[in-house]
Ligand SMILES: Cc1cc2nc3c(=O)[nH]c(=O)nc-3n(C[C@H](O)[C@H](O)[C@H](O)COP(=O)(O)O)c2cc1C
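As structure tokens, one chain now follows by itself in the form predicted alone.
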Amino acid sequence: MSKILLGILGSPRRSGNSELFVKELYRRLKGDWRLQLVRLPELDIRPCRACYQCLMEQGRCPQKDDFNLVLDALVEADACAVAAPTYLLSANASLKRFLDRGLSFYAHLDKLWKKPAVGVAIAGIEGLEGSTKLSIDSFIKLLLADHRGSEVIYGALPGEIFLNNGGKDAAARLAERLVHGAPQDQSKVPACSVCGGDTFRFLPEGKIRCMLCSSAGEYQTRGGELGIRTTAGEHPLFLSYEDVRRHADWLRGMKDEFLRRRRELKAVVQEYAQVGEWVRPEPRQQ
């Protein structure tokens, strides 16, 4: 029976570089695979309403849109590949809109946990990918998947990533990792010792924080090389199966906490109720 690779595209451009890359990666897979594709920008995925209903009872978002269509496809897939272009130094917003509904993932923890996944960030100009790779890495980690690798490739025009820009080599590497796992990192790129992330916030007094898992730590330089040492905090989100379960339970417990402190919180909110003027569209004429 063939396995399913789900390609999650964060690009509105049909036959653009995100789509082409995932299709090339699929062609490089060894074994019996089928490719399914979802293009997030063309789907009706609405903003999260912060109702928390997805955490209670059925564990499903009550909004009648295409979110559950994508989530169901992700649950049924054997692996996934995420690709998104850079828009103004960050990933296309369709990735974040889908991820904002991600509390629904907890209801499918057993099927999503450690599902093999890879990602690619695409930018039109070398060095101007901004935070796109971080967005891809975060997307994969918060899907509760087994993040087996991500790369940045460059190309502005459709197909340009395969014209002497290393795109096909990157697809081959990620296809290999998707099937066989990520090899031990032999690069000298500083990485978080907790999650393997490579994007950091540098703080005073030699302190550092990983922007992927939020673990805190220290950095130092020796012999011209940067060393990173981080330690997991008290409330990790995706580092272990137990961490995910604990975080879901903490979120569910917020309902009882709100009810317990409702009067205290309401007093704070009411103090600001009449502050400011709202800019809103005029009512539409029928």
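Throughout, we count residues from 1 along the sequence that is shown. In this text, all values refer to a predicted model and were calculated from it rather than measured experimentally.
This protein has a second form, the form predicted together with this ligand, left out of what is shown; the following refers to that one.
J.: Looking in the predicted bound form, is this ligand within 4.5 angstroms of a heavy atom from every one of G102, P116 and L144?
T.: No, because G102, P116 and L144 lack any heavy atom that approaches this ligand to within 4.5 Å in the predicted bound form.
J.: Taking this ligand as it sits in the predicted bound form, is T86 near enough to touch it, meaning that at least one heavy atom pair lies within 4.5 angstroms?
T.: Yes, T86 is a contact residue.
J.: Hey, in the predicted bound form, is A107 touching this ligand, heavy atoms inside 4.5 Å?
T.: Flag for A107 set to no.
J.: Give a yes/no on whether I122 approaches this ligand to within 4.5 Å in the predicted bound form, heavy atoms considered.
T.: Looking in the predicted bound form, residue contacts with this ligand include I122, since a heavy atom lies within 4.5 Å.
J.: Taking this ligand as it sits in the predicted bound form, is G155 near enough to touch it, meaning that at least one heavy atom pair lies within 4.5 angstroms?
T.: Contact with this ligand, yes.
J.: Taking 4.5 angstroms as the heavy atom distance cut-off, pick the stretch from 174 to 182, 200 to 208, 155 to 163, 71 to 79 that is near this ligand in the predicted bound form.
T.: Only one stretch passes the 4.5 Å heavy-atom test: 155 to 163.
J.: If you look in the predicted bound form, which residues in 1 to 32 sit within 4.5 Å of this ligand (heavy atoms)?
T.: In sequence order, S11, R13, G16, N17, S18 come within 4.5 Å of the partner.
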